[in-house]
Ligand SMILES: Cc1ncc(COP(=O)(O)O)c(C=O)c1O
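One chain comes next, on its own, written as structure tokens: the form predicted alone.
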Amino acid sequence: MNIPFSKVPLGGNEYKYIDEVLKSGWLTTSSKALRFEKLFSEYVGVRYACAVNSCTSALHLAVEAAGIRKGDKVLVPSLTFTASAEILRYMEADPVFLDVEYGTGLISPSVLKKALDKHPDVKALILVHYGGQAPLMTSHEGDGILDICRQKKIILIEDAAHAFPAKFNDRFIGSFGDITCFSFYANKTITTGEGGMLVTDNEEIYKRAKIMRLHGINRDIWERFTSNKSSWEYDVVAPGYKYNMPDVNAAIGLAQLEKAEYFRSQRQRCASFYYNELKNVPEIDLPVCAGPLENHSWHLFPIIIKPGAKVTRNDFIQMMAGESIGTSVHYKPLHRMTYYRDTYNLVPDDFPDTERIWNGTVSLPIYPGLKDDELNYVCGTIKKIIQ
């Protein structure tokens, strides 16, 4: 068998919607992007959505619209992709890196409380829903992540690159924080090839993000060039960026959105298979699902090879590749990356649980098209290599 780490699920209306865009003669941002925004915002239960060309762009727009500026401190987990922190440096703000909870890979309320005691002057938290699940967001006792942010007047920006469609209790991720950013990169839970989405209930944040998305121009490009009115006039009201999502990408996103829950349920099937087949393998720790399986988007299924196993993580990856099984690592922590390590004098001892995860983590293939016999081959190969 040849099993890649990730494989894009297609077969819906992608070709139909792309053909409609091509026949329209208007390939950049237009009606398909508008519809994608509308349907996506309705899906997650939020007032506004702004389609962009990447989740990194969405995060950049989020911190800019939230008023994060030079010298501001923002909490960020070290166990994340660099985009979660680099967008702060665009604004000359400073990330304050946090350890995460072993098992889930998430910032927990206890981690957040300790960080705020140590850094009472932070302005915001970038909360990463690692792997596709949310931490404790709210509770009756008022000690969830959102509760704490509200009590401390901390801006909550959610990096939900892994977390569509994920829920906490009966609410979709995207309907909690001040701003939430999603990724539609090629290997994400739904894809536009390249793309992202910023969502918010705050009208002022939405308006700012929408203007900054396209050069700081105060009129949408399709309105300027497709209107039957004679007015061509527009104004540049801020030094913005070039972050809009073209209609070709949005067309793919619309088709993927139609099957988002089916895709999620099929990834859950894969996760359940792994749990059942690998639960008695003592050399590995399986990811902890903090809530119901149905609330998890299952973007990742990261196992951790324990220190006492007969193979190292790196050897394991090579041996799996030798059996034609793709894997990945999520993530090499930011405190180990040269730029962040040297700029902020970071040392591994300050991130004990992140280090435990990093030293053994391997992400297994998990995508809707994986068949049971392929999953059985993956699990059998893991047991053969590691036991």
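Residues carry their position along the shown sequence, with the first being 1. Note that the coordinates shown come from a computational prediction; the quantities given were computed from them, not determined experimentally.
Keep in mind that the form predicted in complex with the named molecule is missing from the display, and what follows is about it.
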Partner-facing stretch of 141-149, 307-315, 180-188, 270-278, counted where any non-hydrogen atom is within 4.5 angstroms of the named molecule in the predicted complex = 180-188
Could you tell me if Asp159 has a non-hydrogen atom within 4.5 Å of the named molecule in the predicted complex?
-> yes
Could you confirm whether Phe172 comes within 4.5 Å of the named molecule in the predicted complex, counting heavy atoms only?
-> no
Contact test in the predicted complex: Gly105 vs the named molecule, heavy atoms, 4.5 Å | no
Answer with yes or no whether Met91 is in contact with the named molecule in the predicted complex, where contact means some heavy atom within 4.5 Å.
-> no
Among Leu59, Phe81 and Gly195, does every residue place a heavy atom within 4.5 Å of the named molecule in the predicted complex?
-> yes
Would you mind picking the one in Ala166, Val128, Leu254, Ile205 that has a heavy atom within 4.5 Å of the named molecule in the predicted complex?
-> Val128
Pick from Thr327, Ser54, Ser30, Ser41: which has a non-hydrogen atom within 4.5 Å of the named molecule in the predicted complex?
-> Ser54
